[in-house]
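First, one chain by itself in structure tokens, the form predicted alone.
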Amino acid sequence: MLKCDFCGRHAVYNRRYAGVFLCDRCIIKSVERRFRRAMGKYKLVSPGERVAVAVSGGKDSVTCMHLLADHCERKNCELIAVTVDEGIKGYRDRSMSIVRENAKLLDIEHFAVSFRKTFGATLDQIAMLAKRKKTGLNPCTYCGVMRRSLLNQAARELGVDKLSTAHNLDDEVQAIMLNYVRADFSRLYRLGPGYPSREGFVPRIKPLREIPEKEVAVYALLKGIKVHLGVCPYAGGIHTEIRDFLNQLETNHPNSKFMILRMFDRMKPHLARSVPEFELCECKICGEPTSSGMCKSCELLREFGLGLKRKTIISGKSR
């Protein structure tokens, strides 16, 4: 029987990148310690702040919500949950009930915003329009741009000081590699544990940034946290290719993902010289902040004759 390298109890997890085995108690303590370390090291939340956590219902976002709920209670902060309903039939409707159940368990308010009410169409409908018009864009492109915009709008209208996302180590390293491949210095420079505050944008934080995806999943399982395990039907494209490449790299060379993250963090201060300075203005259609005359959401939606309302329609408030 394999034993935990820290306490001698029965081991349940092999942390290959560190060469150690951990029991259930030690892996739980380790994940919580890394979460607290990130919160303190990067000063992600200050006492008394109102914080929103973006929750999809998956293992990462629900786990992040549970960890933040405990942290905010100790730091005298207010935590609320926000879910974006893209309108993916058979996927988002199932995960939404999981979010509500966890929000009720933690006694925090939950708000929902939808593509249909705000943009005039669901992602399913947009995907069909894109296919019909042969735009050549993957549904993930529309979803990513529109989700980010909608989350920022909702967070701003709900009056929060910070917006937390559940990006884990795997997500962050994938984003780093994707932006390397695309030579997108602006997006690359914006990656990090927290986004700086800019007019019109609610600062974002990533408390799980230094925790591997597998350890987040193990933590949720061991803590008995109810999560939605479905896979988005639109997942694919270059994001999947980069994910598979990095997973194979990690399998063959444990600790590769941490090394990529560490190297990026050391390089980031030097990227500022490659990022052009730009001033924000209001999108001429929706009024959201943008670096050009039209924001990316409106640019994508214009081809389909869809528009973006100035205010999001926030619903589903519950405790």
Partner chain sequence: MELGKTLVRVRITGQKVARKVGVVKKTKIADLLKQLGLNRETVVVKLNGKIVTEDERLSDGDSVEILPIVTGG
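Here the structure is a predicted model, which is why all the values come from computation and not from measurement. Positions refer to the first chain, counted from 1.
This protein has a second form, the form predicted together with the partner chain, left out of what is shown; the following refers to that one.
**Student:** The chain here is shown without the partner chain. Which stretch in 97 to 105, 242 to 250, 148 to 156, 183 to 191 comes within 4.5 angstroms of it in the model of the complex, by heavy atom distance?
**Tutor:** Answer to the contact question: 242 to 250.
**Student:** Go through Y91, Y195, F201, F111 and name the one with a heavy atom inside 4.5 Å of the partner chain in the model of the complex.
**Tutor:** Comparing distances to the partner chain in the model of the complex, the residue within 4.5 Å is Y91.
**Student:** Among E78, D124, E213, D161, which has at least one heavy atom within 4.5 Å of the partner chain in the model of the complex?
**Tutor:** If I apply the 4.5 Å criterion carefully, the residue I get is E213.
**Student:** Let me test this: is every residue among M128, Y142 and I260 within 4.5 Å of the partner chain in the model of the complex, going by heavy atom positions?
**Tutor:** No: no residue has a heavy atom within 4.5 Å of the partner.
**Student:** With the partner left out of view, is V12 within 4.5 angstroms of the partner chain in the model of the complex by any non-hydrogen atom?
**Tutor:** V12: yes, in contact with the partner chain in the model of the complex.
**Student:** Counting only non-hydrogen atoms and a 4.5 angstroms cut-off, does G230 reach the partner chain in the model of the complex?
**Tutor:** Because a heavy atom of G230 falls inside 4.5 Å of the partner chain in the model of the complex, the answer is yes.
**Student:** Considering non-hydrogen atoms and a 4.5 Å limit, does the partner chain approach R25 in the model of the complex?
**Tutor:** So R25 does not count as contacting the partner chain.
**Student:** Does the 4.5 Å heavy atom contact test between I225 and the partner chain in the model of the complex come out positive?
**Tutor:** The answer is no: I225 has no heavy atom within 4.5 Å of the partner chain.
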